[in-house]
Structure formats: structure tokens, C-alpha cells
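Okay, here we've got a single chain as C-alpha cells, the form predicted on its own, with questions on binding and movement later.
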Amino acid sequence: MNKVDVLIIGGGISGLASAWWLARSGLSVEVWEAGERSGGKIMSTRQDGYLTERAASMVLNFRPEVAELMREAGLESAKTARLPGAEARRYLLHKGRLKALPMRLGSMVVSPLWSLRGKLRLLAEPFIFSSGRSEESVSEFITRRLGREVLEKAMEPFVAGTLAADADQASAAAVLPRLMALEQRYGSIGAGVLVNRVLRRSTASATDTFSFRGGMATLVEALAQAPGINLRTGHTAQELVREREGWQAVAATPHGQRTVSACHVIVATPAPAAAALVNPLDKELAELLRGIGYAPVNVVHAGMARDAVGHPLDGTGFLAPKGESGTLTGNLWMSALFPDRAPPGKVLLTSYLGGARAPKVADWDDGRLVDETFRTLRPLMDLKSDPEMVRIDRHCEALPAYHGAYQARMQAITARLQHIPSLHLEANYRGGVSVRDRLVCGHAVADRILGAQCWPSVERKRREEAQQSGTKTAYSLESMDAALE
């Protein structure tokens, strides 16, 4: 039987990020992936000279952990920044036309998107009292603080387009934690933004928006190939058994069953698969996981000649409110965002359909998906011809829906895990769905595991490094934690 320090079940971005941080610290790490490739939903595809992304298309980072990973994984030279002018505008579908969406409160007040009544309601935000409720939906929170117009014209399309969620059901605490924190600390979103600008103007981290040459697959490939990570594809976890000093895990593989002993196990699979694995260990935990729903999303990539698109494409793309489009939630202008996404003289437009707003779209055939997409895009972007390249990516369970009393559910999951200290759940239903969130959460779980006990392999690595540098080091949990910071 093989023995490792940490076994990670699931080779998507959550599992690979956790593995990278752990292996970097000297632990022996094995990753089981049921499929034939790692990366989960993240996959970059070249087709007819176009580079398309099956899922995440970029990283929006303001966290130092992510910047550290990029440097130490050797990914800095592979990053591609947004093209000049790509951040100039973000559009909103409004009354059948694309309108520039204001991104700051001051700009929102003078924007023609809002009625006079909507602007006055927005200006009243500093005088609105807190509700005192721990669980509000996004719709309830935004309507109470900023008014119905801001919800319908800005926040609902954001929640539907980027999270595939329903603003009426989505938990504000889970989806908008930073806005809720401003209200709780300062009593007002506007006051909180102002105070933060005054106090942190010189120290606030700017957002770094980037992808990679070769697409987002470059990231997962770099993580999977990092030294110290033993990635095993075609390994489907079947059973987890608690032992005196850790775990015994059994996987089905193309060559028969395989058993591994590990001190810690990270389950980095979607919630339904995680529920099946932990059910024999803790039925209440499994039930909490089974209660997490997922929204379906279909992605339609279209490649066209640049002169067949009348719109200037002077921005990132657009979002579509529910009142404007029942099925299409947004469209990214990928060739305007990053280089090498389309051949010279061509453009790549990526549309998102479905989500919690229109789950029925998951059942549409390819022809209907393309027809519906271009029925919406043609008048908006002045399209003069059909696309020369079309690619469709389907996700039956695209993103977890942070619906209902989601924070209470997460707190209950955390409480159940306290009884199983060497078992960890790390996936996008906990801590955020973005690539940035997954990299940061991977760092956090690695820190917890490293602090859980004294690891001989880590101490040995530290001792070797100390001998090579000619220095003496005191090895304790405190010094180890300091060295990892």
C-alpha cells in the first residue's frame, strides 16, 4: 500500500491549487482525477486559429497569495495582460441597445441609465439603516441600500452573468461579502468606499487582470506538473476509511483497485460527489452537501471577420438584465480583451446562456443555441454575416448556486468538519467560484494542514536547506509557520 502525506481527490483548479501549495512546502502529495485530464472545467481549445475557453477566461487578482504563486510557479512570463483599451468600457443591454455601464457610484449618479427617481434613491444610500438581518438575498440587500433600479439594471445581470445565479435567491452574504462588510462597519456602502479611499489610497492593491499565452490551460498544466505532485488520472475515489493515524482511500482505476494511506485527505470535487464519499462518515455532512444546487450554462463561441461586426468592440463585452433577455446573460469580446484569441482581421465573441435564470437552455440542441444567440447579437452589434467558426461548450452543473441561507449552510459544514479534523472540503461551493478564490483557498487549506502536526518531510526539507546555506534553524511549529509566510 502506498503512503502519502496528503491525498487530494479531484484534479480541478481547487485540487491542483491545494496540491501546489502543499508540495511547495515539502509534503508528499497525490492527486486523484477521475477523468483523463486535469483542470476540471478549465480547458483551452484551438480551433481554426481561434483560442476559446471552456470555462474561466481570465484571472482578476488583488490578492498577494496569487501574485506569489504566479512568481514561484514560473508563470509571470506566460501571463498576458489585457489589450490597451480593453478596460475602457463595460456595456449593459438597456432598452434593446448597448449602453456603457458606470462602474463607480459617482458615475452612476449622472448616468442616463437611471431615472431621476433612481438617482435620488441612490443618493439616499448613506441615510439607509441596516436591516440587522444576517441572511438577506442579493435582491433584498441591493434594493434596500441602493434601490430597485440598481438591482435590475446592474446587480441582477452581474449575478446572473458572472455567477449563473438568481438574485432573488442568492445569499447577499455569500455573493457580496465586501459590500455587506462596508455596511456593517461604516453603516453605509458609500461611506465605506470613501473611508477606504482616504485611508488606503497609497496601500490598496490594484487589480491585475490577465490570462496566459495558450489560454487558462497554461495555469492548470503548470500546477499539475509542479515538482512533488503525483497526479493520477483515471482514478475514481470509491471509499474513504478512517484509520488511527489518518485515512485509507480506495480508487477504481483502469488497472483495477488502488489503495493509498494518507495523513490528510482533501476532497476537491463538486458537492454531489463529495456527499457520496463522506456519507458513510457523517450523514449530516453529506446531507448538507446534497443541498447545494448547481446551475447549467451553455457557452457559444463565435469567430467572425472584423468587418462583419459594426460595433467598435471598445470594452470587455456586455451583460443582459433579465428584463432584456430571457436566456442570454452576457457576451465577452475575447479578441478585444487578450491577444492571439482570433486570427488577424477576425474577432471572437463568447456568449453565455442559461444559468438559474433559464435552466431549460441546457436541453437545447446546438442549432437552437446558435440561432438564439445570433437573434440577440445581430441587432445589438450590427452583425453583417454569419460566423465562420462556432464552438459550443455545455456545462450541466456549471457553478454552485449560492442560494438560500447559504452562509448558515457553510457554517454548518464547517462545524461538522471539526469532528473530522484531517478531512478537508475545498471546492468552489466554499469560498468563491473565481480562479483567484480557488488559488487563495488552496493556500488557506495548505496552511491549516501544515499547522495541524509536525511533518517529518517538511522538517527534513528545512534541515537540508539550512545545511546548504550554512545556517542553523530551530524547527518548531512556530518557526515553520513563519517560514511559510
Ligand SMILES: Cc1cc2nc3c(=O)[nH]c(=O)nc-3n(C[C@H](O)[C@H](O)[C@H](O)COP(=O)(O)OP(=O)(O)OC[C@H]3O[C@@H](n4cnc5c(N)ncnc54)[C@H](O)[C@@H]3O)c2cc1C
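Residue numbers run from 1 along the displayed sequence. Keep in mind that what you see is a predicted model, and the values were worked out from it rather than measured.
The same protein also has a form predicted together with the ligand, omitted here; what follows describes it.
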property: Exercise: H235 in contact with the ligand in the model of the complex, heavy atom 4.5 Å; result: yes
property: Residue contact check: K41 to the ligand in the model of the complex, 4.5 Å heavy atom; result: yes
property: Contact of R54 with the ligand in the model of the complex (heavy atom, 4.5 Å); result: yes
property: Non-hydrogen atom contact A23 with the ligand in the model of the complex at 4.5 angstroms; result: no
property: Heavy atom of each of Y91, A174 and G317 within 4.5 Å of the ligand in the model of the complex; result: no
property: Residue (of L450, L423, V66, V435) lying close to the ligand in the model of the complex, criterion heavy atoms within 4.5 Å; result: V435
property: Among the candidates G330, P270, G147, G303, the residue which, in the model of the complex, approaches the ligand to within 4.5 Å (heavy atoms); result: P270
property: Per-stretch contact check against the ligand in the model of the complex, the hit in 412 to 420, 439 to 447, 66 to 74, 41 to 49 (non-hydrogen atom, 4.5 angstroms); result: 41 to 49
property: Residues in 25 to 41 close to the ligand in the model of the complex, defined by a heavy atom within 4.5 Å, in order; result: W32, E33, A34, G35, G39, G40, K41
